[in-house]
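There is one chain below, alone, in structure tokens, taken in the form predicted alone.
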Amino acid sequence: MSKSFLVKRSIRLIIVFFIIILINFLLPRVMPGNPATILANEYQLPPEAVESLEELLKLDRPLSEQFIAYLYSLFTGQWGYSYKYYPTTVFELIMQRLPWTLLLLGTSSITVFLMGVALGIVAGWRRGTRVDAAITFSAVLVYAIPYYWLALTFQFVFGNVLGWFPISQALTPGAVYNSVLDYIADVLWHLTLPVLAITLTAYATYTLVTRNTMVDVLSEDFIMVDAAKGLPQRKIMWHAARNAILPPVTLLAIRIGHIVGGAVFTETVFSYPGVGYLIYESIIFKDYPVLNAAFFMLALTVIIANFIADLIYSLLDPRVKYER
């Protein structure tokens, strides 16, 4: 990997980073509504308390001063206090919710990748057959399904009608656990439907990419050599799959942003106590400090994932650094 390639990618990363910081600051403030008014109504405060709240929350200052204060708090880690959960600090609130989001994202990313790649390998290996047609058709079909619609359907069918899984929260309220295994089982029980909703609407990309790559690999000369040697079909398929799996590996980092977006919708539908649901609550209450911190962390995750994807691409295919 050349130094110039790494420098160019780093400069692009920094530019995108600062653009996101600016958008992150402006986006909550251009939405209609006043946080001080919303808080006053929520806690039934007198009308004269609105001005005091605006002064306390520094909402009466010009946007330029608010932006400077925002940059200072962002880079010093002093993210201020949540409007809704005052006097809880934003950092403390994010740290409470972040593990649940990481659990949801980590689990769903693994299941999306494994399911998508496995089905893609099978479809590519059985190209031109009914199995290939069925897998490809189903992948295209579910790709068009919104996260929230599938999540609501799962809630109704598996939660309300069948009663197999809980429809909200990450733990059973008031539950007493006799062991760590009981706690883990309860967490996984609540995690099942959100992960399924994300997996079934996000695996299609990996399936289609793996399938097409598998078809291309099967036409390579080394596959014909394997067949000429009389190797078993299973070994030939595994040999082809090892080469077909490279694009989905790099695609995983790029698609992290898509999964993050799905997690926000899914957490909201299932009232899952992660950063996504915190964003939903903060939008309702115009909780600027929490929105800024949450959007910043999610955006930073996507930026870093895409930067890693660029590096992986350059390592797997040296031509990339010369083409871009």
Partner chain sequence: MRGDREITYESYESSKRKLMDFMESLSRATYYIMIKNKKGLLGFIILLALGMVAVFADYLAPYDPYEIVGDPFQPPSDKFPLGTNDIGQDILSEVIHGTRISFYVGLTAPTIATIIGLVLGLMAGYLGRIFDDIISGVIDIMLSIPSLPLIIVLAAYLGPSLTNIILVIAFFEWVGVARVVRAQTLSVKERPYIEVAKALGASSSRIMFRHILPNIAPLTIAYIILGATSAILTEAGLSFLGLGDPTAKSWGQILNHAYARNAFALGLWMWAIIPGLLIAVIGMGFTLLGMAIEEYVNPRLKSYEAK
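Residue numbers count along the first chain shown, from 1. If you superpose the two forms and keep the largest set of C-alpha atoms that fall within 1.5 Å, you have the rigid core. All figures in this text were calculated on a predicted structure; none of them were measured in a lab.
Omitted here: the form predicted in complex with the partner chain. The next part is about that form.
Heavy atoms within 4.5 Å of the partner chain in the model of the complex are found in exactly one of 142 to 150, 221 to 229, 105 to 113, 240 to 248, that being 142 to 150. Contact check for F156, I279 and L291: all three have a heavy atom within 4.5 Å of the partner chain in the model of the complex. For D186, no non-hydrogen atom is located within 4.5 Å of the partner chain in the model of the complex, even though that partner is not displayed. Contact annotation for F295: at least one heavy atom lies within 4.5 Å of the partner chain in the model of the complex. Remark: N212 counts among the residues lining the partner chain in the model of the complex, judged by a heavy atom distance of 4.5 Å or less. Though the partner is left out of this view, V302 does reach within 4.5 Å of the partner chain in the model of the complex, counting heavy atoms only. If you fit the rigid core between this form and the one not shown, you'll see the Cα of Y70 move by 2 angstroms or more.
After superposing the rigid core, the Cα of A299 is displaced by 2 Å or more between this form and the one not shown.
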